[in-house]
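Just the one chain here, the form predicted alone, laid out as structure tokens.
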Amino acid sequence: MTENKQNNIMDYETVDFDPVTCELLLIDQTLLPNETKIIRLSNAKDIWDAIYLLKVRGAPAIGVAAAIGIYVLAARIKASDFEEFYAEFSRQKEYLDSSRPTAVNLSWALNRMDQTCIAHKELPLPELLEELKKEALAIKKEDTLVCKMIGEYGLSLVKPGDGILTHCNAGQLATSKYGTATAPIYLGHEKGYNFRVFADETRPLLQGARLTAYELHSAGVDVTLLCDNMCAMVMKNRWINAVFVGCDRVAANGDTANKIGTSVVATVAKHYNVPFYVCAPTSTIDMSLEHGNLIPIEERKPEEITKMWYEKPMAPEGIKAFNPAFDVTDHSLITAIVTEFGIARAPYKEAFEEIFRKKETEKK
């Protein structure tokens, strides 16, 4: 079942839950910006496909979708006791976790739901399901608060009238609200900062053109669309005062994985002395990985490069194509990493440890 929506994209939740029908609701981002469709999902294959096919994308939004999705699946499990219930719950969890490898929020959210399940295993199944629902909705609510705090910290790094470049989509469409890399932009817009934003189109899936430029324009932000190979020119022209990007995973040393092409932007920014900031919720920081070479990089189908966006193929039939979804930006190219608990600067491992200490203290 689908619902067609024609209003401003900012009026809708990227990821939501329908308590009446117990369904996961998503904006189908593969159809944007030409059509806004809310899809309703209630079975494992459809939820897996939505994540894999990028109907929902962006690390935080994937995490929220996974949390709500596993609850929706759990609510439909037929079981007589916890052991039977948990065996099926675990199977569904592992299945959803296989949909995309790079964004750590996917496994983070599913593991958090798993921990909630185990922590309440003594409860009757209806009460256990209620705890799972509460946890899924808490993950969604926390994401909004996290993005707002990232926005506040990020806003302290820029000034009114600045030119800001961003790559891919780390906006409201990638999160519950505000976005990560766009959170400073939205908060600044609310304060009348009059930022001039430049959005890379972001090949090969064009999230910058289809999503970032679309949502910023819908919100009334001054935004200019760029082809990916134009970042050096706008930086040389001194139109850019800062770069803000999101990320899908951060290694302990500060290396970050983000949409393919991000490392190019970081390298160019370093050359032109433009500050390069990565906006990263602490849920994306993976301290188990010493450096970025250990981050698994998803490779996608060649057709996304050769013919996906064209009436006729734009490359010779049978040509080899290399299509990684992400690249890793070396920590040496990153000016700072902005989290919801503060701004981390090199050496990053020590900075992250301090941020996690602050996080634990504030939890108490």
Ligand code: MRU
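What you see is a predicted model; the values in this text were computed from it and never measured. Counting begins at 1, following the sequence as shown.
One more form of this protein, predicted together with the named molecule, exists but is not displayed; see below.
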Using heavy atoms only and a 4.5 Å cut-off, decide whether all three of Gly58, Arg100 and Asn258 touch the named molecule in the model of the complex.
-> yes
Within 4.5 Å of the named molecule in the model of the complex by heavy atoms, the stretch out of 287-295, 107-115, 173-181, 89-97 is 173-181
Could you work out which of Ala336, Leu32, Leu54, Val328 is the residue within 4.5 angstroms of the named molecule in the model of the complex, going by heavy atoms?
-> Leu54
With the partner left out of view, is Val250 within 4.5 angstroms of the named molecule in the model of the complex by any non-hydrogen atom?
-> no
Contacts with the named molecule in the model of the complex, stretch 193-223 (heavy atom within 4.5 Å) = Gln207
